[in-house]
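We give structure tokens for two forms of one protein chain below, kept apart as structure 1 and structure 2.
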Structure 1
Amino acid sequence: MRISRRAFTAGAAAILASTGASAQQQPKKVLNVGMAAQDIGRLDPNYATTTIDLVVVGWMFNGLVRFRPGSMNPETIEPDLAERWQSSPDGKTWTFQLRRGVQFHGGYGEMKAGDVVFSLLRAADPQRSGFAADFRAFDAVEAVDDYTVRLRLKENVPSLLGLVTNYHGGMIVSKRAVEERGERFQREPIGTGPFAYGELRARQSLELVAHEQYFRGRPKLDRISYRFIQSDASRDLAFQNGEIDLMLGRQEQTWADRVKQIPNAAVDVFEPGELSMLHINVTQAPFNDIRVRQAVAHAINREELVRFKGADVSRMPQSVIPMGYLGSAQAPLLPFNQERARALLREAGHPNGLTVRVIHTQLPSMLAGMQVVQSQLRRVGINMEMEVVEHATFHAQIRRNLSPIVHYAAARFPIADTYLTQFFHSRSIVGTPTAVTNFCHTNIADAEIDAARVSTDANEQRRLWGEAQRKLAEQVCAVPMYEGLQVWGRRANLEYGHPLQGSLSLGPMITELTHFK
């Protein structure tokens, strides 16, 4: 049989047209994500601490309540696995009514009160959770019936709903899956979220599949391929080449500007802001003299730092805790004033300036900012010698008080109590048995932090948190420098299904509504 050229051309055109039409009718159903990682760490919400793990855990689990997708404002907390709740007048007993018919991934059955009790008690157990300290106010968690959970507190907490939200230990796991899977649960967990564990391709990707029985409806995406692409340059090239649709970006203006130039690409910049601060050890000479600390604060030019980092991806801080947290207040930060800095150094007995040796991580994103700080300090006569070490060494050494100034960038649960407690309460002083990250060795705001934590009066609570921030700023226990925001790149036709303003998991929330246009 012979086919004429004309017939062949017509046929080919018809095939192409039909392919094009079907491609138009069926948008892409697989989301390829590029993450700066070598591999997954632990997907058990109780041990997921790195950005790599947090992002993906956020797509697989639910809490009793949740932050509205795309927001990390505690005021947007809404029902998730619990339909409704009520608290006793003293705020110490909370009762949650669970949704009916919520299914766990992988045929692990319906989520019931037993799973919730198990999950919250597990989160509060230091042997089975890295976040047990957050739950220390729990007195009892009990199942009233299959769909009712009662929670009793030993003392008030700043936000009980914050503890049972879709964040860290608040995520609900399947009791049966944890018991059956043992250590395997760390990598192959079972939750109730819109996406379920599919397959882990060691050192290559984590494959998630749509949870067909998701209680808010089947996700519009069929699959997520979460690819581990360690090199920033390779991730950018893979995005440019169309091999990935969504990627972790860099907190750099030049990066954001470059990605915006790529066709069909958009850049998302969102909360939380990671507050970069110089934590000053107030017990060590010469920084036990407040004038020297004030000199450091006056030497720091925050505007220059924000210009250096980029106006779109960073912002000026306003306090010793990040902006937008419940209880964050405008604190009296010392303004940039080199003359005043020099005068203070003279008054403190350092007319020729001083030399200080600090330990710093080699992480490029942090080191570059610190090099700017180094030059700013030099201008007023403070010679900061940096010993640059790799990141794990940095974390070990700053916890042994080997650096009188510690440059630390962090975001925390968006309630003032968390940040204030971890960085400024005496219970968190490094080197003590209850240490967390108080590198300043200060205790001046303990009373306010403790009182605010158990206060049931929201106005009083805010006043106390504001007072704590004022004291810490006045005593220059830490010098806020800039807040770096989360930066991600995506295909412009990828719709999250919600406006993205913030995400506690540090990555965009991919929900049942996320799709390609």
Structure 2
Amino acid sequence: MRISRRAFTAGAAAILASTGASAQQQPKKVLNVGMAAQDIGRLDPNYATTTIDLVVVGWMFNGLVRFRPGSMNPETIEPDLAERWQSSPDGKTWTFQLRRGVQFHGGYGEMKAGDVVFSLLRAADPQRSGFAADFRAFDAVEAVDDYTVRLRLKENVPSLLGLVTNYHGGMIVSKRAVEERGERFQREPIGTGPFAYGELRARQSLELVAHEQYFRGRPKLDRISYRFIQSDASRDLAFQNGEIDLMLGRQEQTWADRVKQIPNAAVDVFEPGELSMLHINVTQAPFNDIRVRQAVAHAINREELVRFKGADVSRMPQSVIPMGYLGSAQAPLLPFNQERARALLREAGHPNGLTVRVIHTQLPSMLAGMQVVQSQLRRVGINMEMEVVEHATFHAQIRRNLSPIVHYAAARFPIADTYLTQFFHSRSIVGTPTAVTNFCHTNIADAEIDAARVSTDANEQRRLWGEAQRKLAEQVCAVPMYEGLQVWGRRANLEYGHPLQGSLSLGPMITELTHFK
């Protein structure tokens, strides 16, 4: 049979056209994310503290229990790697029944009780974890059998489930992978989450791949490209040009309003509110004089800061812990009063003002607000000289007491105990063996924090937490400035697979259900 060249060409064109149309109908399978970073920090969940690391770690690991995707409500915590659990009447013994068949990434086999025991003991060890203070009430963690873990406490804690959720030290790692990989685990981790480590391209991107054996089902996305784009302008341009589908935004109203105008774009604003505070080292001159600390507090105009950030993306703080936390209370924050600030400086022996040198991150979302604060302090005679450094360097240096004032923006498990313990208990003072993030070097609320931790009376707990907040505010150990909500931009056709109201990882939770329409 002969077929003319013209007929063949027409047929081939029709087939190609049909194939092209079919390809266009296929949903996009690769999610390109733009993050404000030069590079990744540490992907080990026991050390991931920056937004850069927290966001992506949340996509790679599971806890025994989890917050519902898109939520940070501790009252709706649900099963994750554990199918069910029970506690003894006195609340000091907890038993978890594990899911069977859960597979680690990279062929590291089935997750069993030994991995859970290893993970939780590792999280409680200050030599192997940045969150060891959270787990100090742990007395013993043991494997009853391959799928049963028993946890014993020395004392009651306000929320045991909060310690074993998919957040910080509660995330479960592969014992074999940690031991085999050593330091390499910091950047090539092994978890059980919907996405696994694929490749790290230094200063370019972290590539994640779908976990084919994920226990909730294979993810709808094949891959995530987590790109490091430090510049806000470059990240915005990449989004406008369609090079990225999801990006960290700026906690500023103008940014949110501008992105909303981009075709096929949406802006997500969600909890938690990260409380931006000036943590003041109360042991270091001139701030060992409370009058100087009070002057700093009176110089801060919170209303101006919220106007600068924007009403949709920020809010006024009410205490030294964020709003909405269990146990959050109104505290006596000093009001904006420039004349009083100047008078206090004169009383403290600084009639001509003073100069203080601080170290600050170049992270745009934090730096912009701090530049406003710098201007506010200058108006009362406090000249704050800022040395701006890369974000990972900032974290390293503030933990070496190189900055008498530390601007820290943070969200934690939403219960007062966690925030008070990490930022204001003497066990958490930076530079000590049990250091966490007490940059104030204070111990004035230790008694209340400790008593609330072990109290079984909910009303008494709240009273003690309130008293701790009052003491810290009166002594001006830290100056709350504003709470910045999480702000991200995305393609309108990107579906998370759940309503997004909150995320403790500080970024949208990407799960096996996330997909493009």
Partner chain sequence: MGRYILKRLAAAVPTLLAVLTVVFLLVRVVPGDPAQTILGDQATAEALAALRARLGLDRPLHVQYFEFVFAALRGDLGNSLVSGRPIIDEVVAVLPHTIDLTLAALVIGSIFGIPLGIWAAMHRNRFIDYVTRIGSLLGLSFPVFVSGIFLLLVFALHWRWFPVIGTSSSADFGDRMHRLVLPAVNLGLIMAAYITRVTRSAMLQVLGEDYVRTARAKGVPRRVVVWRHALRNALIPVVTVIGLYLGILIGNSVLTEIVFNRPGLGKVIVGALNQRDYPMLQGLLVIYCFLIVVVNIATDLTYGLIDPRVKHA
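Between two forms, the rigid core is defined as the largest C-alpha subset superposing within 1.5 Å. Fair warning: this is a prediction, and the values are worked out from it, not measured in the lab. The first residue in the sequence of structure 1 is number 1, and each one after it adds one.
### Task
Look at both copies of the chain and name the one that is the form predicted together with the partner chain.
Number 1 is right.
### Task
Looking at the change between structures 1 and 2, work out which of F118, M247, G484, G70 is at the hinge joining the two rigid parts.
My reading of the hinge gives G484.
### Message
Can you give me the rotation of the smaller rigid part relative to the larger one between structures 1 and 2, rounded to whole degrees?
### Response
The rotation of the smaller rigid part against the larger one between structures 1 and 2 is 22 degrees.
### Query
How many angstrom apart are the two C-alpha positions of T456 between structures 1 and 2, if you fit on the rigid core?
Reported C-alpha shift between structures 1 and 2: 2.6 Å at T456.
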